[in-house]
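So here's one chain in two forms, each on its own in structure tokens, numbered structure 1 and structure 2.
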Structure 1
């Protein structure tokens, strides 16, 4: 093998960790030299269990895989070559020598911010992730691990409001089931990226490894809700090691899902109580419209309720009359809007906007 780029692709093909790949590159100086010495005891020692698969990979097999990647629209970003994200080329990140990318790779060159949190979020956490992402996506690409809960709310809100997102996978592309809400998004506003070979399945360790890329790709990390033992806190640890800014949203002292975030604050983390705090601390100048109250996408009936309540607090009967719907239909609409945090119920069956 005489092509360094092809040799770099070969190196992680068996699932060797980025740390081991970087160590081998440091020892031998290039991927081609590693390939030349693949049967040496030193390579066997560093590679470990995946060695059999690595040593069995032929150049013809690599050529076949590279053709398939190109046909599937997947681009390889190789460390040391054009296109590789500069923000990952940092010792503290443990940069993967190879990244697989699908979508708009130019998003890697834009300011980005990572929003993380628990999979089992509260309505409060959902509201924060949704509202803040809608505001932040005006100036930042949103980086996410696409997990349910906070991650998903942040990405969906970003895309619903015309923003762009980078999704970092914890598996290879062949093993990723693309969520419905991501399938029809304009390709120019989305990038999927992973350090793992196409066939690699997700594993507990790959989630933890992936977290360093979430923080590494972003200028800052925002933690919305996180219990005491949360993957989001691993991302925070990586962010601190990588000298990234960390913002923490305070939560209820009575909620287990805020114990991790509240502890971060107690330990000295930067508190953020609105998206404006983030903009100001990162010295980002925003137009006035960005800091105005967030108005979510609403159905026709919800929009009618919203416009009616803009004028002030109204009684349930007044809303029924204004909508020209039955009390049961009106009640269902109001209940949904209350759950989403758009309105709040007052004493004696009055309702008012909460955003």
Structure 2
């Protein structure tokens, strides 16, 4: 083999870790050299289990695969060549020699921020992820692992609000199930990226390994909600190793889903209480949107409901009792106010002001 690019593609194709790939490259100097010495004991020892597959791979097979990649619209980003994201080229990140990318690779050159959190989010976490992502996506590309829960809320909200997102997969492209809602999104606003060869399935280790790229690609990581044991906390560890800024969203001290995040704060992490905090700490200037204060015109009963709800979220029964109205009248009034956007209905018959 004479083409270094081809040799680089060949190296991870059987699924050895980025760490081992880097080590081999260091020892032999180039991928071509590794290929030449593929039958040496040293390579055999390093590669381990997938050795048989790796050594058996012919140049013809590589050519066919490369053609197929091209046909599928998947680009290869090779370390040391143009287009490889600079932010990954750092020892602590353990940069993978090969990245598979599909979508707009220009997004890698833009400032980006990673939003992570638990899969089992509460309503609170969902709200934070959704609102912040909507604000942050104006200046940042959102980097996400696209797990259910917080990750997905952040991506959805970002795309709904005209932002762009980079999604880092924990498996090969062949094994990734593209979510339906992403199909209608403008291709220019999305980039999927992975270090794993096409046929590689997800595994527990691949999620953890992938997390280093999440923080590696981003300037900063925001943890929205995380229980004590959480994949999100692994991303935080990596971010700290990689010297990335970490923002933590505080949560209720009674909530299991905020135990991990609150512990991070106790350990000295930076608190963020709104998207503006993040902008300020990262020295990003956002023009203040001038929002006119909305003053609703209210009838007497509506005013009474408004005044009552100013004190906080209230149950339907409490509103009925406090206002001394019939349930029937109350329902109608609440509906009207809800439609006008003055209040919002919460699950289980709770109502709260929305402004």
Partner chain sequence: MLSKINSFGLQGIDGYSVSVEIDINNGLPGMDIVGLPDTATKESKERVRSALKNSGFRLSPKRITINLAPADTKKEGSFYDLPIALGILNATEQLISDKLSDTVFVGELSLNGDIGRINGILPMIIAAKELGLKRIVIPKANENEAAYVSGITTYAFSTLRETVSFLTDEITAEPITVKDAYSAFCNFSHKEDLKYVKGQLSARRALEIAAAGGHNILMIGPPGGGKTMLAKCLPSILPDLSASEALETTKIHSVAGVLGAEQGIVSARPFRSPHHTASRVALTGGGSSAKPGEISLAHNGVLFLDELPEYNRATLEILRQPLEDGKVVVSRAARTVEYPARFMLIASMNPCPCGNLGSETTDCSCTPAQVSKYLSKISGPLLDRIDIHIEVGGVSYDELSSNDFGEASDVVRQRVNDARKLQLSRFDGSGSYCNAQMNNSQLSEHCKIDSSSETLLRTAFKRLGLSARAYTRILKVARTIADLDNSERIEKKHIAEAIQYRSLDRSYWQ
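Numbering follows the first chain given and starts at 1. Quick caveat, the model's predicted, so the values are computed rather than measured. Only the largest set of C-alpha atoms that superpose within 1.5 Å between the two forms is called the rigid core.
Engineer: Can you spot the form predicted in complex with its partner chain among structures 1 and 2?
Structural biologist: Structure 2, not 1.
Engineer: State yes or no: after fitting on the rigid core, is the Cα displacement of residue 306 between structures 1 and 2 at least 2 Å?
Structural biologist: The answer is yes, as the C-alpha of residue 306 shifts between structures 1 and 2 by 2 Å or more after core alignment.
Engineer: Superposing on the rigid core, is the CA of residue 318 displaced by 2 Å or more between structures 1 and 2?
Structural biologist: Shift of 2 Å or more: yes.
Engineer: On a core-based superposition, does residue 327 travel 2 Å or more at its Cα between structures 1 and 2?
Structural biologist: Result for residue 327: yes, a 2 Å-plus shift.
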